[in-house]
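Have a look below at one chain only, the form predicted on its own, in structure tokens format.
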Amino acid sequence: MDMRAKALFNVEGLTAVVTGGATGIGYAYAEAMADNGAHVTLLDVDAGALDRAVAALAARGATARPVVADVTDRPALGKAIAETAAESGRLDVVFANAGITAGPGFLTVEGERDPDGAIENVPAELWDRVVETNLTSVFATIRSSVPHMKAQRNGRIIVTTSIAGLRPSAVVGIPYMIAKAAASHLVRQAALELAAFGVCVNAIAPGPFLTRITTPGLRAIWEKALPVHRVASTDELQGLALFLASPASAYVTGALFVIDGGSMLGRAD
């Protein structure tokens, strides 16, 4: 076996789909794959953001195929994945990344009770929308990808979960917490079933990262509480994403990789 890093982490020529790929963490995954020669389909509900993402990749000398679709629209999602596989003749890597926030938790970042986040006040519509987007769409993405990967007896499915799914939090909305926890177990169950077909299923569980929903107040709290005293940029997820998409992770499945600057460890000072 060629043990050089270039061969181990080689994703050149692979066909990849990234849901929620136009911004934030999804775009970071797409950028890492496209920069290294993969054929990337960006799937996102925001047409304008997709245009900007494709233009940004083009400016880097990379290309991507944009598809406007809502991951909660199962027929549209399945069609997008099937068309990508048909166009390339295979489907190698799928990042099930799309997700939404879920409103406040039962405490504010200042430590005061927030009645809007109280469990008895969480709107049923919010619960349904978050679970549909952050959990059911992950299942639908996996379900749509599996036939193509089984046929070629190889594939990588990488799900974006969160440290919110690993421990309770007072400041994060409960629908988000529960959906991410369930998605983490979905990864393990799918990995168990699909291992015999050469399909690896793993999860990336980010902690505090700078995205468009990071407020200055939240960033300040994170920076004070984190052992590393800084919030990461999304490009710091790219090394892990490349590892899980590449031959380097051929024996890794059913794993959840926490990348959180030590947040799960607690405060250090």
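Note that residue numbering begins at 1 and tracks the sequence as displayed. Take the two forms, find the largest set of C-alpha atoms that superpose within 1.5 Å, and that set is the rigid core. Keep in mind the model is a prediction, meaning the values are calculated, not measured.
Beyond the structure shown, there is the form predicted together with a small molecule, which is absent from this document and is the topic of what follows.
- Among 223, 235, 46, 35, the residue placing a heavy atom within 4.5 Å of the small molecule in the model of the complex is 46.
- Of the candidate stretches 114 to 122, 142 to 150, 70 to 78, 84 to 92, only 70 to 78 has residues with heavy atoms within 4.5 Å of the small molecule in the model of the complex.
- Looking at the small molecule in the model of the complex, residues 97, 100 and 176 each place a heavy atom within 4.5 Å of it.
- Within 4.5 Å of some heavy atom of the small molecule in the model of the complex lies at least one heavy atom of residue 23.
- In the model of the complex, residue 60 stays away from the small molecule, with no heavy atom inside 4.5 Å.
- Not displayed here, the small molecule is kept clear of residue 156 by more than 4.5 Å at the level of heavy atoms in the model of the complex.
- Proximity of residue 136 to the small molecule in the model of the complex: non-hydrogen atoms within 4.5 Å are absent; the residue sits far from the partner.
- Annotation: Cα of residue 215 displaced by at least 2 Å between the shown form and the other one, core superposition.
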